Each structure stands twice: as structure tokens, then as C-alpha cells.
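Presented as C-alpha cells, the chain that follows is alone, the form predicted on its own.
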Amino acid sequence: MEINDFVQHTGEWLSGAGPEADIVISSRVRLARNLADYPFMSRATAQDRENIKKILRERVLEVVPQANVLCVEVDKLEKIDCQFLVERHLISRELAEIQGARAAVIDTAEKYSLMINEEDHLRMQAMQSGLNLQSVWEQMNRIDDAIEAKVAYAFHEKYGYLTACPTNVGTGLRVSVMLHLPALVITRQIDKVFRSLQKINLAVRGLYGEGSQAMGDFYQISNQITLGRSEIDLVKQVGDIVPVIIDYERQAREFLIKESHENLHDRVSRAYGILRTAQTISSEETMHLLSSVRMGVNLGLIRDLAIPTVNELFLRTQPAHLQKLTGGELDTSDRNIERARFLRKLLNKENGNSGAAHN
């Protein structure tokens, strides 16, 4: 399998099939690990990096089914391919942008990926659609145990797994859920919710993790502390709070339907109309409008448009995906034109050119 083979389909985590998938896009578990016999990445020499990459790639390929993974030499990729994998959440922005020997092993169904020589020697993540934290953790734990049976991780009896960043020391575990919260944004309750999360040591990040913006009303909620907590405790902490946020979002949607139905209907209809007719449109505006459309589909305001299709559009209208679909590099202006053409073609075909909003 090649990177280009990912272009024509989306991974399971975007299928919209998991529990609470109207609000929870995906559940993810990430583990940070380092080899005991090598220095952390900030102190590693070029030869260290090569050795780490070779050792971990070989051991990882011994424990995952090779027929179902793509092994990528990230340091040898074109910039657009790196950006494509970042947009798909299969590698981090840091892995794409840093220098030196680095690699990734990616499940072809996109349920997990392993990054070698990112901030830590090994960053592993597993993802599934909807609210599925326990299942995701079990999958990640199996992979981690299998690798640990073959390599010596940096581990301290008192502090646990040793990591490059102190906030990851202990379990090295980051549990996160990607949520779509447009109604809380519209009703201006989102900041209050986030302040409450920060008080209980949960972090809120944008679509692409730390330092990224919350495009399309997507937010990632994750634990901030790993030291002194067990993996089960951390999974439970995030798993217990997410249903509360889901309930707040559903209440906000019900409020909009009851108290501001005409405005909500107008917002959704305008967004859908622009996406189906625009001649040029930016990535940022597309995300903003698709957010309203996605909420409209879930609230029954739009007919004949499936959530998986909307989820797919969030991904395929991103800059690198768009260029992959068209088969060549495009400047910003041409991307905006091509994005509009892609949206018109897919949305009008999907809905048979018929009106989509209920009156």
C-alpha cells in the first residue's frame, strides 16, 4: 500500500458509526515511550536517531501484521505527503516538521499508528469512531505490551515510564476525545465549559492538538497529568466527563431548536447553500460552514446527506488532501477554486440537486 491509496477512502475513526457519534468524532489513546539504552531526542546524535529508528521499526514490524500496515520513512517524504498524513491525524505536526531520521508505521484501516523519533523515541496512538475509550485503550495496551516484550523501555521504579516532557512521565498516557460542539459555541457557553475542565486538570486543544486552532467547532479534550495515576484511572477520568459535555451540547441544541428555530434553520440553510454553490472558498470558511451543516443533519434540518459524507468533506477539503485528489500542487487561489468545485460536485450529486432543508 502507498500513501496515495489513502486518498480515496477515510479511516474507521471518521465513519460516524461509534457511540455518541453525533457529537463525539473519535476516541484516541496515545502512549509515549523511550528506549533505555539511548538518550532522549533532544540529546540524541544523528547516529543515535538512525539506530533508534532501525531498532524500533524492526521490533514494531515483528508485532503488528505487516500485510496491514504502511511503513513510512518520514524524513524522505515530500512536504505535501507529510501534510497529508498530519491532516489525517496519522502523524503529528512535530514529526512532519522536525529534522533527522524518523519514521511511522500506519495501520491501513487507520485504527492505529506508531511514530518513531518524534518528541519521544516512540509515540503510539490508537483511534476509533465515537466514544470508545475502553476499547481504544485495550487495543493500544496490547500493542505496547507486545513491543515492550522485545525492547527495554526507559522506566523508573518510583516515577514510571520516563519521557522527554515531564508532563508525560508516569504512564506516558494521553487519553483524548474529539468533540463537535457547535451549539455550545453559538450559545456562548463554550468558555464556561472549558474553564470547568481546566479546574479538573483536563486540557482543551484544537483540531490538530497542542497549539492548533479549534476549526469547525472541533475540540480535543484530554488528561493533563499522568504521574501518580494508573492508566485505568486516566481512561475513567476522561470517560466520566465526556458524557457530561455531550449532555451540555445536546441541551444547547435543544435550546436552539425551541427558542431560535428560525435563526438556526437560516444558519444551516445558508451554510448548505454556500457550500453547494460557491465558486471559490477557503479551507477555514469550509470548516465553519460544514460545522453548521453537520449539526443540521444531526438535528433533522437537512435531508439526504449522511454524517460520514460530511465527516469525509472535513478531511478531503483540507489543503494537502485537495492537492492529492487533483494530482498536483496548487497555490492558495487555485485550491480555493478547486475546493469549491469539489464541494459542488459531491454535495449536488449526493442530494440529487433537490432542496435539502425542511421548512
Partner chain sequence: MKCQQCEKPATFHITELTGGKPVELHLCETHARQYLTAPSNETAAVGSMAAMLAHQMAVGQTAEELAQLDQQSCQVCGITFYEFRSQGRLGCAHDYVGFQAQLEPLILNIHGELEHVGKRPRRPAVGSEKRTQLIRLRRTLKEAVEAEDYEQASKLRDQIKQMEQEEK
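Numbering follows the first chain given and starts at 1. Here the structure is a predicted model, which is why all the values come from computation and not from measurement.
Beyond what is shown, the protein has a form predicted in complex with its partner chain; the following relates to that form.
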Heavy atom within 4.5 Å of its partner chain in the predicted complex - the one residue of 197, 246, 164, 186 that qualifies: 164
Just one of 277, 251, 263, 224 has a heavy atom within 4.5 Å of its partner chain in the predicted complex. Which one? 224
Taking a heavy atom within 4.5 Å as contact, would all three of 1, 87 and 101 count as contacting its partner chain in the predicted complex? no
TL;DR on 128 to 136, 268 to 276, 176 to 184, 145 to 153: the one with heavy atoms within 4.5 Å of its partner chain in the predicted complex is 145 to 153
Heavy atom of residue 108 within 4.5 Å of its partner chain in the predicted complex: no
How about residue 48: is it within 4.5 Å of its partner chain in the predicted complex, going by heavy atoms? yes
State yes or no: in the predicted complex, is some non-hydrogen atom of residue 158 no more than 4.5 angstroms from a non-hydrogen atom of its partner chain? yes
Taking any heavy atom pair closer than or equal to 4.5 Å as contact, tell me whether residue 169 reaches its partner chain in the predicted complex. yes
Select from 37 to 61 the residues with a non-hydrogen atom within 4.5 Å of its partner chain in the predicted complex and write them out in sequence order. 37, 38, 39, 40, 42, 43, 45, 48
